[in-house]
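Below you will find one chain, with nothing else, as structure tokens; this is the form predicted alone, and questions on how it binds or moves follow later.
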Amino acid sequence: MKSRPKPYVFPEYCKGCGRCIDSCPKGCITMGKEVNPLTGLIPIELSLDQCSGCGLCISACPEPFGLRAQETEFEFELTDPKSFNGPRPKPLVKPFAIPGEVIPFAQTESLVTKGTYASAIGALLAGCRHFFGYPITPSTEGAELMAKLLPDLDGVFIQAVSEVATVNMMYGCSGAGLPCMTFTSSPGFSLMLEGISYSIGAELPGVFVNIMRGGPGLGNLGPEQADIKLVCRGLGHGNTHAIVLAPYTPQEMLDLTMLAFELTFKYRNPVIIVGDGYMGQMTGRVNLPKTMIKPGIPEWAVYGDESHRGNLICSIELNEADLERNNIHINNKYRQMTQNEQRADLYHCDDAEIILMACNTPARMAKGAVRELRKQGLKVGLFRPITLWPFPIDLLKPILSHTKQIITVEAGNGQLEDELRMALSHHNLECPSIDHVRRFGGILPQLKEIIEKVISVEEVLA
């Protein structure tokens, strides 16, 4: 006599309602506790030694395919896109890098230009010929200059339909190994975060200039520094970090943009440049460099020529062990960035007992305050982080021994101060007393209130 078929569970359909457990007269079914690496939690577990094949559990199951009679063996496999079409054909030519060139640049007179223009010029001199973006005040002028100049330089300017489209265009362009960038501002940068996470996972370069404005929400067009937590701690989902550069003059807007392109290809990782709204619009004197860059094509690029045809750009790793290995690799890159790329500007910090800490435009007010306070005989200095991530703790550490007070000066609710406190904590450093001067909503800290804060602190310390 043919035996009755026993039940078989499809974990991807079963919802774990437990009706089959109540219906089984033999107690063959229990709630699941194990995790299937391919499908997730196994809702129920079958122990069929005592099963008579009565079929009551199958009748009780409300899902059409949750429990079925086991007449045949079933196998399921999630397809890895890397092997979807079988083994990748080996290229006839092993991928190799096409080196770039450093070209002497004709010396010119200084320019007087605004911050976003200076950054655009720096990008062109760094070899960027591909720009993707969507206009948003107060960053739009940078995109306008690129739109004007790139066609005459055999470059490509595309105004995307949105910031989401922008970052995905950059993903494709950088996947081909080509330098590319965008200008945006706070709400637009938020929309790019998913694509930035994908770029980090796929190890793709790209330069993002975020001219921060007042928020939250649409806020206003005034200058603010409330995206520091976003660029340092919130670059999309997953294990994401990127070098964050914070210029405080138009000259640094140019210089740090050129540096950003160097670093983004060095680490195969996006680089973020942050400036407040005034930093983007401020006009200043800018000296051009002595050289410019003609970029090459990296070995890893999916460029489309014969030598790069076997390459693959992808951020998906369906196997947990593979994804863990990829995260370990990315973490090693983060450690290299932290060790090698900390940057800061120290002004009168050698003997300072009170340290002002500021970046972008507020650092200019803080520097003016240091000058005035030094005239009054107060030992005050300015520590200006140029990299917000990694935070330049190794440069701060030597001056902490004689520092009695740190005062952060920022246009935001303590996001720079948070980076300072986390860096001190992670390095197990004794924290001096920390105070602050903060303004919000597009209002920057003023020289007078910085001086008043320092004098009040000095009176307490005395």
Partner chain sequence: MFGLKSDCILDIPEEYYTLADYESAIARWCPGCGDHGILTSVQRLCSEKQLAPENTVFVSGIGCSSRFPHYMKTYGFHGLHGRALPVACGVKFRRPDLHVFVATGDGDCCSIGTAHWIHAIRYNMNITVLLLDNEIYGLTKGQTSPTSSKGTVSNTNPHGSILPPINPIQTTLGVANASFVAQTVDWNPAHLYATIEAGFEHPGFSFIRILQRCPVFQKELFQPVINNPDEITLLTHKNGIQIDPAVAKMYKHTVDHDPSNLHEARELAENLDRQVIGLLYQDKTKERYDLYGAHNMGITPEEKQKAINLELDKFAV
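Residue numbers count along the first chain shown, from 1. Only a predicted model underlies this, so the values are computations on that prediction, with no experimental measurement involved.
The form predicted in complex with the partner chain exists for this protein as well; it is not shown, and the discussion that follows is about that form.
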{"property": "Contact label in the predicted bound form: Thr283 to the partner chain, heavy atom within 4.5 Å", "result": "no"}
{"property": "4.5 angstroms heavy atom contact with the partner chain in the predicted bound form for Ser162", "result": "yes"}
{"property": "Distance check, Pro135 to the partner chain in the predicted bound form, heavy atom within 4.5 Å", "result": "yes"}
{"property": "The partner chain contact in the predicted bound form: Leu218, any heavy atom under 4.5 Å", "result": "yes"}
{"property": "Candidate stretches 374-382, 138-146, 178-186, 344-352, one within 4.5 Å of the partner chain in the predicted bound form by heavy atom", "result": "138-146"}
{"property": "Among the candidates Leu191, Met169, Met292, Met337, the residue which, in the predicted bound form, approaches the partner chain to within 4.5 Å (heavy atoms)", "result": "Leu191"}
{"property": "Listed residue that, although the partner chain is not shown, lies within 4.5 Å of it in the predicted bound form (heavy atoms), from Trp300, Phe265, Tyr278, Phe157", "result": "Phe157"}
